[in-house]
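Form predicted on its own, single chain, as structure tokens, below.
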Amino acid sequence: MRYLVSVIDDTSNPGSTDRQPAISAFNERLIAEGYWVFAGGLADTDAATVIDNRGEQAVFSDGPFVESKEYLAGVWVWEAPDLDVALELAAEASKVCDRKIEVRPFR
């Protein structure tokens, strides 16, 4: 089963900025153990653009779709045999990247 693993940062209590070596080592382990599908860090929310083309014309808005102190800082997509394995990996990921993690299965 595939899981979207969201890395959540917080403007009022951001995670450590020196975590890249540990994250790289964790990613190498995910690859070696066959869990890795994709990963990427995201630009700050002020670089976001929201597009709504449900009406007569597309409307483009600067900034995130919702203002919040918490924001999506990056994502992984993992292939894991079940939710328990994904949650165990997510607990490790949270420690490694010093941020909250959300795990959601794909349908």
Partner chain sequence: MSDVEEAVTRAHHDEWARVVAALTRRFGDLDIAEEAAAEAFTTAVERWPADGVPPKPGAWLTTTATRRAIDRIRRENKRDDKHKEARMVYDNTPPEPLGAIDDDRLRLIFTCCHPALAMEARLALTLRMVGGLTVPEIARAFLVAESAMGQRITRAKAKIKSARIPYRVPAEEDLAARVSGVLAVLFLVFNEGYLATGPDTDPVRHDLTAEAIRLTRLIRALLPEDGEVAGLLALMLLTEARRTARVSASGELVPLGEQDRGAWDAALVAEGHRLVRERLAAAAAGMAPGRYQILAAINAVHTSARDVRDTDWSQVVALYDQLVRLDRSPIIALNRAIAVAELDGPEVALAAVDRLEDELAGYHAYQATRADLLRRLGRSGEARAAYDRAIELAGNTAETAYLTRRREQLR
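Residue numbers count along the first chain shown, from 1. Just so it is clear, the structure is predicted and the values come from calculations on it, not from any experiment.
The form predicted together with its partner chain exists for this protein as well; it is not shown, and the discussion that follows is about that form.
Though the partner is left out of this view, Asp18 does not reach within 4.5 Å of its partner chain in the model of the complex, counting heavy atoms only.
Taking non-hydrogen atoms only, Leu83 approaches its partner chain to within 4.5 angstroms in the model of the complex. A residue is said to contact a partner when one of its heavy atoms sits within 4.5 Å of a partner heavy atom; Ala22 fails this definition for its partner chain in the model of the complex, lying far away.
Although the partner is absent from this view, Met1 contacts its partner chain in the model of the complex, with a non-hydrogen atom inside 4.5 angstroms. Residues of just one listed stretch (29 to 37, 60 to 68, 47 to 55, 75 to 83) have heavy atoms within 4.5 Å of its partner chain in the model of the complex: 75 to 83. Of the residues in 89 to 107, only Pro105 comes within 4.5 Å of its partner chain in the model of the complex through at least one heavy atom.
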